[in-house]
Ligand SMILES: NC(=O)c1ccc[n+]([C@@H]2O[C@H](COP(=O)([O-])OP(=O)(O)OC[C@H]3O[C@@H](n4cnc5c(N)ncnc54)[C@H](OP(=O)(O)O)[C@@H]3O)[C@@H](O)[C@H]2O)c1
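Take a look at this single chain in structure tokens; it is the form predicted alone.
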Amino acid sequence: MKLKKAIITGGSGFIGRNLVKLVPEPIVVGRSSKKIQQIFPNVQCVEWHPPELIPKEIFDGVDVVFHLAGENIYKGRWNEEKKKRIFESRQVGTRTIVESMCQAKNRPKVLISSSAVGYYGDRGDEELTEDFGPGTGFLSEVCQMWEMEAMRATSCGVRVVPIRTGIVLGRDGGALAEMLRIFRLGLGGKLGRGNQFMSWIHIEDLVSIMAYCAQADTVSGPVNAVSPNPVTNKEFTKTLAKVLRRPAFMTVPAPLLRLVLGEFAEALLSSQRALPQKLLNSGYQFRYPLLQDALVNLLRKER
């Protein structure tokens, strides 16, 4: 299938803004059509407030739905109210998009739905392919629910691909933007012992993978959208400092991280050594398989 017309939920976010560039005829769906129109003045925008269904006519001629919407897990302290928003935004949003698709007369062939390698929980140095089962913890529970809701679309003949992302590296958002503010000051350092594995992906590879999975009829089910070369937090810190030409001697002890960030600290200290087995088997060619090359590309203006 050739990618032509697509609906993108969460299109005003970091990943969505980059994905829109790859779609010839994007329809961006979100909570504020005014905000979306400011970002994409020449793109069709649709306002959507789950659990309201998306109007059936919006799906006419649409090949694929990219479902990226959900409460940002990185902003705000994880109290019970925040965790509830994280969980329910994904549950209600995904359930609603599936119901909307299945009720449409001309339903899309494919649903590409966001998920995360947090699905695997804290797994040490275990090499995790898509065949491995879920772990434990809040993020794992969120991802399990998220994927289950997306997979409901298979009941109405839609091919579903949950995209399990790692840490997304890009110039205009994501985790790297937060790290740079600290590392530029020479205050960067490892988190805890630094032995936890970080599965990462360059933003260009991530959106390319999403487009690739939409068009590859043989790809279905969960896909690990991560570089084939995960690194430990210690290795990531060292590489980022080297590319920025800044020292990175600091260490943030795990107890201090838990005191400052609460439960969210566990997301930073847990280890997922995920591998993109499905992508490699299907022939996808990574643009940035190595961390240093990815960071040099993103930060070349600073060197």
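The first residue of the sequence shown is number 1, and the count goes up from there. Quick caveat, the model's predicted, so the values are computed rather than measured.
Beyond what is shown, the protein has a form predicted in complex with the ligand; the following relates to that form.
Annotation: in the predicted bound form, residues G10, N72 and V168 each come within 4.5 Å of the ligand through at least one heavy atom.
Of the stretches 272-280, 64-72, 51-59, 236-244, only 64-72 has residues with a heavy atom within 4.5 Å of the ligand in the predicted bound form.
Contact between G30 and the ligand in the predicted bound form is found at the 4.5 Å heavy atom cutoff. Using a 4.5 Å cutoff between non-hydrogen atoms, F197 does not count as a contact of the ligand in the predicted bound form. Residue contact check for S89: one or more of its heavy atoms lie within 4.5 Å of the ligand in the predicted bound form. Heavy atoms of S115 reach within 4.5 Å of the ligand in the predicted bound form, making it an interface residue. Only one of Y212, F183, W146, Y119 comes within 4.5 Å of the ligand in the predicted bound form through a heavy atom, and that residue is W146. Shown here without the ligand, the chain has no residue in 237-269 lying with a heavy atom within 4.5 Å of that partner in the predicted bound form.
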